[in-house]
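Just the one chain here, laid out as structure tokens, in the form predicted on its own.
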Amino acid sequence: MNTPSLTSVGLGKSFGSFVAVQGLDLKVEGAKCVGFLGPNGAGKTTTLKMFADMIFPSRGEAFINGISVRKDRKHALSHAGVLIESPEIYPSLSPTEALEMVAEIRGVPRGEQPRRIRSVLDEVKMLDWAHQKVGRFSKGMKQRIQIAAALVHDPEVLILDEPSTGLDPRGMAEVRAIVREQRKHGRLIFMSSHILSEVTDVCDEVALIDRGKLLFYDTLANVTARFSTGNAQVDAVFVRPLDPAQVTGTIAHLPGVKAVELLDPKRVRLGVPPGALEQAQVLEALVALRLGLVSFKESTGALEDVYMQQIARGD
């Protein structure tokens, strides 16, 4: 399998006098998840639709795995699974029946269809409901089947437009877990979202768009470091409440810890160097304290601060 990629060169879209996307130059590649952020009306869905050839660009080009979507649509889209404003699956069909239709349309050889359908249903944790009627499913279960439909032809690139919007907390958690797993299959996931906690939880990199213009694209750690004090921010969660003296007297003085804030009795926010090696050393030092560390990840609050700063600059 080649390295999956999505590339836009001068990509733009206008609707009359309204410019939805302005000369977007972006290249993402590799097996990872990239969060495509922006407020409502920023141009996220319009961009994804141009990558999926659902609307024509007014200028520029979109490429999937280096193949022009405009010049060779069929070849380009054969590498991509897309979930953008997909219609509901017929309620009288089972997941297996629905996926058989999609597999046929996508050109999956009939001899391979049973294996592929079983595989994707397993990926989205719906194998036990393979022959139940979709009409009986919850909204979250239906969304998992829609993701399975995007995966049935084994694409290298997965394009998702706010896949967890409208779901209850359980449904959101299920969809996020599926998205995280896709990197293990060597896929590039390009996912629009306005839920910053979701992006922090599942994405490796972020691109921010506002009023049709790309503001930045980088790793989560680099973004928060570049636009804040120079440090990345991570949240550390412990199984037991911490003594405030442990926070100010012990954790605050660990090598690499630049700042510390007690968010609640079991959670602290740390200012740490942006480099992965330095953060790994901080993590090792925290574990060595034997305080019951259970989570160490990029802070949602840090990304939210950057997001609000950058959007405000455009006002």
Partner chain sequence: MAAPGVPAPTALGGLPSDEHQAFRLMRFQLRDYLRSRRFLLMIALTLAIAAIVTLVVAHFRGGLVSSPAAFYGSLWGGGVGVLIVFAGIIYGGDAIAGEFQNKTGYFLMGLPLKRGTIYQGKFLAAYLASVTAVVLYLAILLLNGIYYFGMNAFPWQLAASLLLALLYLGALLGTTFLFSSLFKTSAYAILVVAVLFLFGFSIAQVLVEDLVKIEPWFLLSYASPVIGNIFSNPYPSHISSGFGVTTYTATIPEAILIMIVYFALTTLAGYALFTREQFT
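Residue numbers count along the first chain shown, from 1. What we label the rigid core is the largest C-alpha set whose atoms superpose within 1.5 Å from one form to the other. Values in this document were obtained by computation on a predicted structure and should not be read as measured data.
Separately, the form predicted together with the partner chain exists; it is not shown, and the next lines address it.
- Residue contact check for A52: one or more of its heavy atoms lie within 4.5 Å of the partner chain in the model of the complex.
- Though the partner is left out of this view, T219 does not reach within 4.5 Å of the partner chain in the model of the complex, counting heavy atoms only.
- In the model of the complex, the partner chain stays beyond 4.5 Å of every heavy atom belonging to P114.
- When the partner chain is considered in the model of the complex, I84 lines it closely, a heavy atom lying within 4.5 Å.
- The stretch from 239-247, 204-212, 162-170, 185-193 that comes within 4.5 Å of the partner chain in the model of the complex, counting heavy atoms only, is 185-193.
- Not one of E123, L127 and E174 comes within 4.5 Å of the partner chain in the model of the complex, counting any heavy atom.
- Taking a 4.5 Å heavy atom cutoff to the partner chain in the model of the complex, the contacting residues in 134-165 are Q146, A149, V152, H153, D154, P155, E156.
- Core-aligned CA deviation for S94 between this form and the one not shown: 2 Å or greater.
- Once the rigid core is used as the reference frame, the Cα position of H194 differs between this form and the one not shown by less than 2 Å.
- Once you line up the core between this form and the one not shown, the Cα of R176 stays within less than 2 Å of where it was.
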